[in-house]
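Here we start with a single chain on its own, the form predicted alone, put down as structure tokens.
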Amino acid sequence: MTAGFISKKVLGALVTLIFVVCFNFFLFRVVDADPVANLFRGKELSQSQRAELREEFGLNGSQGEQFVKYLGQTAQLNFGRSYSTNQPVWDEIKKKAGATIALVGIAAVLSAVIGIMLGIAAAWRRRTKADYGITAFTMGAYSMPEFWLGMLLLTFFAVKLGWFPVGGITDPDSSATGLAKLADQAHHMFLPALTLTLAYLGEYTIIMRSSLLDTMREDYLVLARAKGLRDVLVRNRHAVPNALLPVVALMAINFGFVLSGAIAVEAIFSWPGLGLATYEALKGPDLPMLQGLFLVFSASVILFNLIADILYAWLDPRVRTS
């Protein structure tokens, strides 16, 4: 892999990020031209109080002056102060990011691993009952809206059967520490993680199945069988490694969405992560919080798309010369 190829990809990612930073500023000014008036709607504020609030939230001065100030603050990871908590947005994001990374990260890994295994099984047993059953199940789960699937699981397993808590990350009355606290968090995480795993499962399964079916038509697999290799060795040593290329790229891209989490799922299960923070900020609207979240989400997607491009080119040299 040449330095020129990597430099080209990095430069493209930086240009995209700069565009997102600029777009981020103007987007939320279009959404609400005077957030102070909406935030304190119904309250009698004097002109001096309004001016003080506008200065506190960085809304004083012309739009050009605000833009220059915004660029300087963004470079220092200063996204302003939340309207609802009056705390720095970056501190709020850091505080909530861990819960989202844990939840969506675990769900992404599980869906990738299980989806790849199901895709291999479906492709290797194509046009059998196993293939039809796996494809129907994964596509059915993939087609369901996440919020609807989450409500079904919550209603049945948490409300009706009472096997799992209805929300939160820990039991509010619990004083457990160490392994007991981790077990309590895992108990709370099970249903939202199951929802996201089922929701993401289908794309990995169908892409792995399609890629493996294409690979199985290659001449070198016919040659491997002609040499007398068993089917399981042909599959594991020759077919699967080559069929994994598009799935690896998909995994890298999907990990870019880990920080953004799943807004609907976190809201349904009251999971205190970035998804729930986005949902709460939308109700305000808490524009500094939304602006900071949008920028962090976009930056994570751009970063992992860059990783996916470089990783795919490293795995498949044909990409570098195309």
Partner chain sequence: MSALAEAPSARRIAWLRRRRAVAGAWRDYRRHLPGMVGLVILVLVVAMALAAPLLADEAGLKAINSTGNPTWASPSEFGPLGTDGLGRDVMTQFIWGSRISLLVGLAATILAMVIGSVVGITAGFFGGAVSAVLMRVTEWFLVIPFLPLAIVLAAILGPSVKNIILVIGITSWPSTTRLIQAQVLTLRERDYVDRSRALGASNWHLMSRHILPNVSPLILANTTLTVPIVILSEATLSFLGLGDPSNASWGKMLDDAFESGAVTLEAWWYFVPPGLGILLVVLAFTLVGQALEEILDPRLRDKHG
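Model, not experiment: these values are computed from the prediction. Positions refer to the first chain, counted from 1. Note that the rigid core is defined as the largest set of C-alphas that superpose within 1.5 Å between two forms.
Although not depicted, the form predicted in complex with its partner chain is the subject of the following passage.
Undergrad: So in the predicted complex, does Asp214 come within 4.5 Å of its partner chain, heavy atom to heavy atom?
TA: Because a heavy atom of Asp214 falls inside 4.5 Å of its partner chain in the predicted complex, the answer is yes.
Undergrad: Is there a heavy atom of His188 lying 4.5 Å or less from a heavy atom of its partner chain in the predicted complex?
TA: Contact check for His188: no, nothing within 4.5 Å of its partner chain in the predicted complex.
Undergrad: With a cut-off of 4.5 Å between heavy atoms, is Val15 one of the residues that contacts its partner chain in the predicted complex?
TA: It does: once its partner chain is placed as it appears in the predicted complex, Val15 has a heavy atom within 4.5 Å of it.
Undergrad: Lys94: heavy atom within 4.5 Å of its partner chain in the predicted complex?
TA: Judged by the heavy-atom cut-off of 4.5 Å, Lys94 is well away from its partner chain in the predicted complex.
Undergrad: Does each of Met139, Leu282 and Ser298 have at least one heavy atom within 4.5 Å of its partner chain in the predicted complex?
TA: So, yes: the whole triplet contacts its partner chain.
Undergrad: Just give me the single entry in Trp90, Trp124, Phe157, Phe147 that has a non-hydrogen atom within 4.5 angstroms of its partner chain in the predicted complex.
TA: Partner contact (heavy atom, 4.5 Å) among the options: Phe147.
Undergrad: With its partner chain left out of view, choose which of Gln73, Thr85, Ser174, Ser143 has a non-hydrogen atom within 4.5 angstroms of it in the predicted complex.
TA: Looking at the other structure, the residue within range turns out to be Ser143.
Undergrad: Just one of 159-167, 100-108, 180-188, 75-83 has heavy atoms within 4.5 Å of its partner chain in the predicted complex; which?
TA: Looking at the other structure, the answer is 159-167.
Undergrad: Which residues in 263-297 have a heavy atom within 4.5 Å of its partner chain in the predicted complex?
TA: Contacting residues: Ile263, Ala264, Ala267, Ile268, Thr278, Tyr279, Leu282, Lys283, Leu290, Phe294, Phe297.
Undergrad: Is Ala252 displaced by at least 2 Å at its C-alpha between the shown form and the other one when the rigid core is overlaid?
TA: Yes, Ala252 moves 2 Å or more.
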